[in-house]
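One chain comes next, on its own, written as C-alpha cells: the form predicted on its own.
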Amino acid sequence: MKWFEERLELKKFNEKFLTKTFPSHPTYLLGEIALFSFISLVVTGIFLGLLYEPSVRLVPLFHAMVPAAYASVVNMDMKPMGMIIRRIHHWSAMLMISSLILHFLRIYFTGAYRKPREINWLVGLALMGISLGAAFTGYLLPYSQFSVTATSIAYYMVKSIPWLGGWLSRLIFAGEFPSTAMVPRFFFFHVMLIPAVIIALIGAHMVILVKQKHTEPASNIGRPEAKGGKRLIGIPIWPEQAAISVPFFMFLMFALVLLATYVPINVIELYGAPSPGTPVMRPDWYFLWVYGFLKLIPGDLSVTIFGGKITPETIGGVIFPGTVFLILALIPFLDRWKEPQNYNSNPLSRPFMTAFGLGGGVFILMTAVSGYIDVLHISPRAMLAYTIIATIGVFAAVYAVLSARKKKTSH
C-alpha cells in the first residue's frame, strides 16, 4: 500500500472523492439500478458477441438456407447457457430503461432539475435517448421476421423526414432497406458506438453529480448537521454506501437470472428467418407510445412545405417523439419556482408542474394503449378523443386539488 501511495496518492483521492456523501433515501438507488443494469448488459453482451455473426450470407440450418445472423442466434440458444445469457441481456435492457424512467420521474416531481442542475438533467435526457437507441439497434440483430419487420417501420419513419430523410436513412440503414450491409452497421452501432457514448454520458453525469452534490429530502431542512444547506446528510460512498451497493447489485443479478430462467423473450424460432410475409407485431413497451400515436394519425394526412413532404410517419415517428424530448429538455428553463436548491420539493406544493407531469404521463400511457386499438376494437378517432379527454381531465383535476390545498395551507 505504501508503494501504491507514493505513486498514486490514494489517500488524497479517498479524501476528495470516496468520502462524498450519498443520501440514504431508497429512491436514490434508482440511478444505481440503471448503472448495474448497464454493467450486466456489457458483460452478457461480450459473451453474445463472441457467438454472433453479423452477416446476412446464407448458411444451412435445419435443412434450410437462412441468414448467418439468424442462424448464429438459433445456435446460440442451443448452447449450454446461451439462451439464459441472451435472456439476461434482454431483461437487463428492460430494467435499465425502466429504472431510468423512474429516476426521471423522481427528479421531475421533486424539482431536482432546477439551477444549478440543468446540465445534468440534459445529460440524463441524452442518456435516456441513447439507451433507447441501443435497444432499437439490438432489435435487428437476431434478423428474424419479427426483427426485420420492426426495423422496417423505423426505416420508413427516418426516410419520411423532409429534405434529409433519404440521406439519413441510407446513413443509418446502410442503403435502401434491407441492404446486405445493414446488419454489420447495426452491430457496430450496438456493440461499439452506442456503448461508448453511454459510458461517456455516465461519466459526465457522475462528475457533475460529485461536483454539485445530490439533492436531498426536504425533511432535512433545518437540521443542524445540514449547516444551512451547505452539507449533504447521508453516508459516505466508501465504505458505507459500497457495503450497501455490492449486495444490492448481487440481488439485482439474482432477480435478472430468475426472470431469465422462468420468463421467455421473443423466441426467434417461432418467427423464423425473414420472408416476404409481414407478421403482426408490436414493439416492446418503451416504443409502444410512438407506435400507438402512429395508429391515431389518418393515413391520408400529408402536407408539403417548401418541397418537403410531411407524412403520417413524419408526424408520429419523428415530430411527436422529438417534441416530447424537446419539452423535457426545456422544463428546467421554464420552471421558475424559487426554493432552496439543495432540497427536493414536495410535489403537492407544485400544483402546475405536478399536474403537467401527471397529465403528460396519462397522455403517453393512452398513446401506448392506442397500439392495441385493433384488439380493443376502438376507432382511431374515438381513441384520440379518449386520450385528449383523459389528459385534460387529469391535469385539471390534479391542478384544482393541489391549488386548493396550497391556498389552504398558505392561510
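The first residue of the shown sequence is 1; numbering continues from there. Owing to the predicted nature of the structure, the values given are computational and were not obtained by experimental measurement.
Omitted from view is the form predicted in complex with a small molecule, to which the following refers.
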* Report the stretch among 209-217, 312-320, 73-81, 236-244 that approaches the small molecule in the predicted complex to within 4.5 Å, counting heavy atoms only. => 209-217
* Candidate from 295, 117, 87, 185 lying within 4.5 Å of the small molecule in the predicted complex - any heavy atom -> 117
* Taking 4.5 Å between heavy atoms as the contact cutoff, choose which of 52, 363, 356, 28 touches the small molecule in the predicted complex. => 28
* Asked: Closest heavy atom of residue 142 to the small molecule in the predicted complex, within 4.5 Å or not?
  -> no
* Does at least one non-hydrogen atom of residue 121 fall within 4.5 angstroms of the small molecule in the predicted complex? -> yes
* Could you tell me if residue 35 has a non-hydrogen atom within 4.5 Å of the small molecule in the predicted complex? -> yes
* Using heavy atoms and a 4.5 Å limit, would one call residue 128 a contact residue for the small molecule in the predicted complex? -> yes
* Check all three, 282, 288 and 290, heavy atom within 4.5 Å of the small molecule in the predicted complex -> no
